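Quick heads-up: it's one chain on its own, the form predicted on its own, in structure tokens.
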């Protein structure tokens, strides 16, 4: 687990539906397949401060609360399948971390969304992530060249680092945005009709409150806050990811659902698109923003995020940032 922001779910978190038996995009997971999830204890010893933050989040509490919500029963009826949320192949995709002690073990829902829900199933990357240059090497003694190679290797093995802001934003929207690639819009719409809430997710608001865990050397005890310029860039990143995710969702298969059922879900996705377009339209003079608005693709979104890395966009979007009191 590296340092980023596990984003707080509502009391009944937004679900994303992908095919069973597939390791899904971003944090969405299914029983079976590789890589696999080892659970928060695999991260705790090296990241105790981050782990302590997680223990105070709704992500952590959700596994103890969500299934008791009277609304859960109605949603389960709409989804179909097992009436136990922890065994329902749809619910576990976003509400739980399916942990395994080894590759051949049966996945078990032991906690709510946790470290690997954001940073990726760790079985393939944790050994790379933990190797500072040999069995006796320490983090403090790691050479810059080895650090670069280690970070690259872990990323190629499936880890999402804190610096991968677009990947993390897109990952959040898989569940929080009801916009997972390949989802069946009819199923999600039926869940909404049954009372499942639509998330009002926005990256800065959901990441900079109770779930923030930014502990950087040399002071590993201070949970650092972002400055306005950093927040503004993160805000743009979140809107770029939202535009791509919601646009993709609107083109998803309707699964034979009636238009009356689909309409509220589509309206929510259209509203997300409209807001993202408003924000990105404020980035005048940034050609990558114009390109993304013309073609909402992942490639254009990543290009925009790269382009603003060295820019100060606070003047364009700073007034849109959520107030401190509104942070989740």
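Positions refer to the first chain, counted from 1. Just so it is clear, the structure is predicted and the values come from calculations on it, not from any experiment.
What comes next is about the form predicted in complex with heme C, which is not displayed.
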Report task. Can you check 101-109, 235-243, 248-256, 165-173 and let me know which stretch has heavy atoms within 4.5 Å of heme C in the predicted bound form? Result -> 165-173
Report task. Would you check, heavy atoms only and a 4.5 Å threshold, whether residue 130 touches heme C in the predicted bound form? Result -> yes
Report task. Using a 4.5 Å heavy atom cut-off, state whether residue 137 contacts heme C in the predicted bound form. Result -> no
Report task. Find out whether any non-hydrogen atom of residue 146 is located within 4.5 angstroms of heme C in the predicted bound form, and reply yes or no. Result -> no
Query raised in the report: Can residue 199 be called a contact residue for heme C in the predicted bound form at 4.5 Å between heavy atoms?
Result: yes
Report summary line: Checking 266, 275, 302, 47 against heme C in the predicted bound form, the residue with a non-hydrogen atom inside 4.5 angstroms turns out to be 47
Query raised in the report: Looking at heme C in the predicted bound form, which residues in 79-94 have at least one heavy atom within 4.5 Å of it?
Result: 79, 85, 88, 90, 91, 93, 94
